[in-house]
Structure formats: structure tokens, C-alpha cells
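Before any questions on binding or motion, here is one chain by itself as C-alpha cells, the form predicted alone.
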């Protein structure tokens, strides 16, 4: 079986316990307007252009194709036309065994630090069969973590839960209409899967990306606090918005349209979470 990845980060310390190898699977069912990894949104391989050393000669643009919405898309001809060789294909197809053996090459580091592998994205549940095949291959060989937004069928989610030791679960917006507007999907199944995670006994951490004026509002954070405390969850991690998030969009010839003021000061909501008996950690 083969799957599509767009990056592998070794010696990661942010994506679960210990020192880890983080594998980023391509494709995500959400379309968050603030996405920090736009190259991971599409399930298709696509060409990206590095800004470092670009001559702005326009050769890659001259060979670009046009998307259905009228925007431009870099092509193989764009790659071949670049005099600095700054255009590359983002999206590598790999076999389960090939990928897992590469992961396991760091087994000594995993064992000495309590680390392992983390599958992220995009969202790894978008390639659920490939993900499950990798998790099965690694069973008993290393610690397995999955980082997800939780948007998948209940059956897929429970199967993945049964094949990992740890999960990083993102909660973004509690209001269904707002979630649909900012993330492109309804959040009912996300909440159902989160509840299943809490009941499962699998170790996990809840994470909230703090997006100014969107997810960091008092109303949204209180709704999150009320939801998770009602399930008995007493710990949450808060991830601040990266002001450099928009810089990647130009490499895809896409315009960054965040639909919020990225310069607005973040609200951390510490008092809100404390009121509900939840320890909140700033990451």
C-alpha cells in the first residue's frame, strides 16, 4: 500500500512525548482560513516555489496552469523553466514498509527518550487506510501518536484509536455555523469523536489553535471549557497564531485570505479555563 506525504521532521519535540519523527500526510478535509500548512491541504501532489533566491523573472508563472477559480497553478513546465531550480513537487508517494523502516531507523533515540512517531498533516485520517497500515506495521516497535482535527467517520476514528498509544486532538470552534464558515465543515462528528476519545482510555492532549478574533473569543473558549470539563478533561494546550503563517501561500501562487486581523492581540483565556477546573498551558 502506498500513501502520500509532504514532509518528514526528525527530532521533533513538540508532537508528543520524547523525541519523535513526525510524518506529515497530505490532504485535509478542513479548509481553515488560517491554515499554517497550505501545502498539506490538497490530497494531490502539487508544485511549490521557494522564495529564497527567486529572481522574479516570471519564467515559472509563464508556464503555470489556471485553476477553476482563475488562480494560477505551478506545473512541471514551471519547474523546468526556473533558472534557479526553486520549484519542486510537494507530495511524495511512499510504501508502508519503506516509510516505517525509515521511521524505525531512529528507534534508539525513541527508546532512550520515550519518543516515537507522530502522524500529522494535513490530517492523517484523510488517508485512513494507509495510516492504519503504518500503525499496524509499527505495533510493538515504537510509540505511536496521531495528531488530528477529528473529522472522520466514527468507524474510522475508532479503528485509528485502537492502533495508537497517544492522540493530539485539535478543537477549534464550538459553534457549528462558525465552524462551517471558517473551517468548511460541520463540527458535529468532531465533537462525537472527541467524546469517544475521552471514553476510550487512550492517552491524549486537547489542543486549541488561538486565532485572533476567531477561536480566542471569550464565548468560544468558555464553550470549549464547558464541553471538555463536562467530559472530565482537566488539561488543555493553547497554540498561539503564527504571524508568519501567510508566507507559505505565495509559494503555491495562492493569496492568503485569513478573514481576521492577524495583528490583533491574542486572548489566552486562562481565567476561563481555571474557572472550569482546567489547567491551560501556553505552547
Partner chain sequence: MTQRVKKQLALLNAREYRNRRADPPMDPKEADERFEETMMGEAQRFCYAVSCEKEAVFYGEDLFGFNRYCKGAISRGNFGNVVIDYAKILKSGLCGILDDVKRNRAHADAYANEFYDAIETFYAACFDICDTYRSAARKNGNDRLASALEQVPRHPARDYYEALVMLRFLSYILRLNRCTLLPLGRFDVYMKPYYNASIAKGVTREEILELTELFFISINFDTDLYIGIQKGDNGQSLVLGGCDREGNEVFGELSEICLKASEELCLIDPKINIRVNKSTPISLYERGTKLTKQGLGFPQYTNDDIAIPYLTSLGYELEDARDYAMAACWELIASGCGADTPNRHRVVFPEVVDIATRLDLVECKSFDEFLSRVDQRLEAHCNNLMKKYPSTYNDRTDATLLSSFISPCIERGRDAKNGGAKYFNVGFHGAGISTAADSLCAIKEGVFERGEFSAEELVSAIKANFEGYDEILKKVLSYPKMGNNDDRADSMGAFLMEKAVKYIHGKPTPSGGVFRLGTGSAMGYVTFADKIGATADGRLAGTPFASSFSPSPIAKLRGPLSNIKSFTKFDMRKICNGGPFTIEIHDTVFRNEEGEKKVAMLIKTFIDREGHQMQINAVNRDVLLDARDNPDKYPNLIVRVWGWSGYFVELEKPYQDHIISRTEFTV
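These figures come from a predicted structure and were not determined experimentally. Numbering follows the first chain given and starts at 1.
Not on display, but discussed next: the form predicted in complex with the partner chain.
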Using heavy atoms and a 4.5 Å cut-off, decide whether 150, 155 and 255 all contact the partner chain in the model of the complex. no
In the model of the complex, the one of 163, 191, 102, 141 near the partner chain [non-hydrogen atom within 4.5 angstroms]: 102
Under a 4.5 angstroms heavy atom criterion, identify the one residue in 206, 120, 106, 78 near the partner chain in the model of the complex. 106
Using a 4.5 Å heavy atom cut-off, indicate which stretch of 106-114, 180-188, 193-201, 141-149 touches the partner chain in the model of the complex. 106-114
Considering only heavy atoms, tell me if residue 262 and the partner chain come within 4.5 Å of each other in the model of the complex. no
Would residue 267 show up as a contact with the partner chain in the model of the complex if we use heavy atoms at 4.5 Å? no
Even though the partner chain is not shown here, does residue 85 get within 4.5 Å of it in the model of the complex, heavy atoms only? yes
Can residue 65 be called a contact residue for the partner chain in the model of the complex at 4.5 Å between heavy atoms? no
Relative to the partner chain in the model of the complex, which residues of 35-60 have a heavy atom no more than 4.5 Å away? 52
